[in-house]
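Only one chain is given next, in structure tokens, and it is the form predicted alone.
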């Protein structure tokens, strides 16, 4: 007697799909594996209760599932389907803008010269301090809606433009509220050590961060019913900002409070923060334009992801970009983010960032997709639930008015996402 195989229920089926592209791995992808992703023609994808239950060749998927009574069907017969983007590095909560600085930079002024003239992070501090929490949330909602339309389904969001206890906590609480009010999952990062505010010394401010601001953040986290280990603490360790000793001290305090770690490192000068991040178990070390060989090897031997931000070097009109190919060859698990912020990279579009990843970092389309999905998921501590379209993973999906993966970076100036699905629900449709 032939045994009848039980079919799984589905409340969303995307079929047929012209091309389904996704990485499939429990671990971050390194070296040649970064480009080894599944590309399936004439595919299908089935979802139940917000999770993928089947994905692959159309006939196999359809034979394995049974439609619920209210199952939604989407025809993607001429379209590309990928995981939604995971953006591992943004500063999207801020007040004001720095369009004037962009024009100064177009006239030849450097990032450092603009900062010395009163611009840079401190300029955003003024605009952010003047904004109420409600205003920061409303601005954030508009920005997140644009990101969702461009295929982003999860993103990390940092504080860092308040630079005092009251303003930094207001930013953190705005991030918590934004997470509750719109579809994109937000990963909060607390970054009071982003710059030294005017009117104090670096030593005095680091003391305040360690002794007062981080404990106040922990209280706010608990007040919002959040677990401390759901929030990261970040430090801008670089020339003119915070030292390696400052970073170690802030990291020690963060860990003692149950918080997790990230770091801005090697953007302008390598101070050793990348190796420190690897040693202390940070989720990621970000920027890495000036990373040295020894620190690449430290990353390669660790679980810390190297997050590259090609939009920043592009927006700052730099001639050099992060040494992505060398990092890949040495075994670093790299991810790519937007660094969306008001000054050094006012770019929220991950399709554009994916194009810059191919153009300026030298990655293939397959590698760029892995870097902006599965590896980015690991960079925000969620690699076991998002970043790929495989059984049991969250159904975060981008559907494209394109026929194949290579057309994403090729179409840098056009948002080709026609639908974004979050947790198995159509969250945006064009």
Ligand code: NIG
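What you see is a predicted model; the values in this text were computed from it and never measured. Positions refer to the first chain, counted from 1.
What comes next is about the form predicted together with the ligand, which does not appear here.
| query | Taking heavy atoms and a 4.5 Å cut-off, does residue 262 contact the ligand in the predicted complex? | reply | Outside the cut-off, so no.
| message | Against the ligand in the predicted complex, would residue 162 count as a contact residue? Criterion: heavy atoms within 4.5 Å. | response | Taking the distances in the predicted complex, the answer for residue 162 is no, it never comes within 4.5 Å of the ligand.
| field | Contact label in the predicted complex: residue 341 to the ligand, heavy atom within 4.5 Å | value | Yes, contact at 4.5 Å.
| field | Partner proximity in the predicted complex: residue 176 to the ligand, non-hydrogen atom cutoff 4.5 Å | value | Judged by the heavy-atom cut-off of 4.5 Å, residue 176 is well away from the ligand in the predicted complex.
| request: Could you spot which one of 232, 315, 348, 111 gets a heavy atom to within 4.5 Å of the ligand in the predicted complex? | output: None of the others qualify; the residue that does is 111.
| message | Please identify, from 325 to 333, 182 to 190, 207 to 215, 90 to 98, the stretch that has a heavy atom within 4.5 Å of the ligand in the predicted complex. | response | That would be stretch 90 to 98.
| task | State yes only if every one of 194, 267 and 287 has a non-hydrogen atom within 4.5 Å of the ligand in the predicted complex; otherwise state no. | result | Result yes, every residue of the spot touches the ligand.
| said: Under the 4.5 Å heavy atom criterion, name the residues of 213 to 247 that approach the ligand in the predicted complex, in sequence order. | reply: Just 236.
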